[in-house]
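Here's a solo chain for you in structure tokens, the form predicted on its own.
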Amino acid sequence: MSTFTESPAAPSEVRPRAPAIEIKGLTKSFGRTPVLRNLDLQIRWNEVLTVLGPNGSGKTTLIKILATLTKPDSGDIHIAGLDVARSGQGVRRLIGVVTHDPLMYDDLTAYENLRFTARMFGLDRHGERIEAVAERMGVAARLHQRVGTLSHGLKKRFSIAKALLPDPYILLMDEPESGLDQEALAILEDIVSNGFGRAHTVLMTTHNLERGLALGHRTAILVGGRIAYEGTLEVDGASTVRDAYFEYVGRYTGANPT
């Protein structure tokens, strides 16, 4: 597996004794519609937390708030001990983010998009890094193709490559499997399970119950903006987690919950 030959020095702001992510009393509304309601959540270092929930449960909003793309209405959020509200720039140095929107310029090539990201982060040897993440995602041959000409699945692969490029400590991924073929899914699952560079702490939302169970050290079910259930296979067992999903989300059929 290709990886970076040299990682940037760990930011001095990282506080390893603090949880990777700690959320207390998080609330967010859009107009009169509450999306997140007094949400508490903690993620330890080197842990994968998969967050399940139906559409409208608040999963995407949660990721955007942690990624500093959206501001909460209230609550305390710390990433590696940094207050997200006060240290957004420091937080962004620690995280890699995959959202539904690949956040890439269609009229630039994939390489040019990744180079732009590398320069934003002040990365050294960015050409080497770009080739490493592109190779890992199986898209090295498409680096010099304009993003606007790529399929949705290839854009998603490059979106994951962009998240890995700065060698983050924490990956935040909102349904990253959407649009991926089986080969890309296998790559994604390997990255989540085994890490890539420094990224061994992951918060990932997913619609797929079985994938959430397979990849997560811990699973949380988000319903109506609240954490309705938290559990682990090791302690609770898969059947308990499935039962909780049925209870809080609704009927489950096959590998893709409704």
Partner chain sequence: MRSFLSPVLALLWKDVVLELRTKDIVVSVLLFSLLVIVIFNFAIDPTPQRVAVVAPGILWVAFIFGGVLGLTRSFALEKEHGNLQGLLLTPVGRDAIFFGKMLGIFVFMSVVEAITYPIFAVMFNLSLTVVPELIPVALLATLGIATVGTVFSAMAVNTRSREVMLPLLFLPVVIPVIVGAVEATGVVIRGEGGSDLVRWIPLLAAFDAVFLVVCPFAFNMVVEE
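Predicted model only: the values in this text are computed from it and were never measured. Numbering follows the first chain given and starts at 1.
Not on display, but discussed next: the form predicted together with its partner chain.
The stretch from 98 to 106, 180 to 188, 74 to 82, 132 to 140 that comes within 4.5 Å of its partner chain in the predicted bound form, counting heavy atoms only, is 98 to 106. Residue in contact with its partner chain in the predicted bound form (any heavy atom within 4.5 Å), chosen from Arg125, Arg119, Arg86, His152: Arg119. Proximity to its partner chain in the predicted bound form, defined as a heavy atom within 4.5 Å, holds among Thr232, Gln42, Ser29, Thr68 only for Thr68. Although the partner is absent here, Arg93 lies within 4.5 Å of its partner chain in the predicted bound form, judged by heavy atoms. Remark: Lys64 counts among the residues lining its partner chain in the predicted bound form, judged by a heavy atom distance of 4.5 Å or less. Not displayed here, its partner chain is approached by Glu112 to within 4.5 Å at the level of heavy atoms in the predicted bound form.
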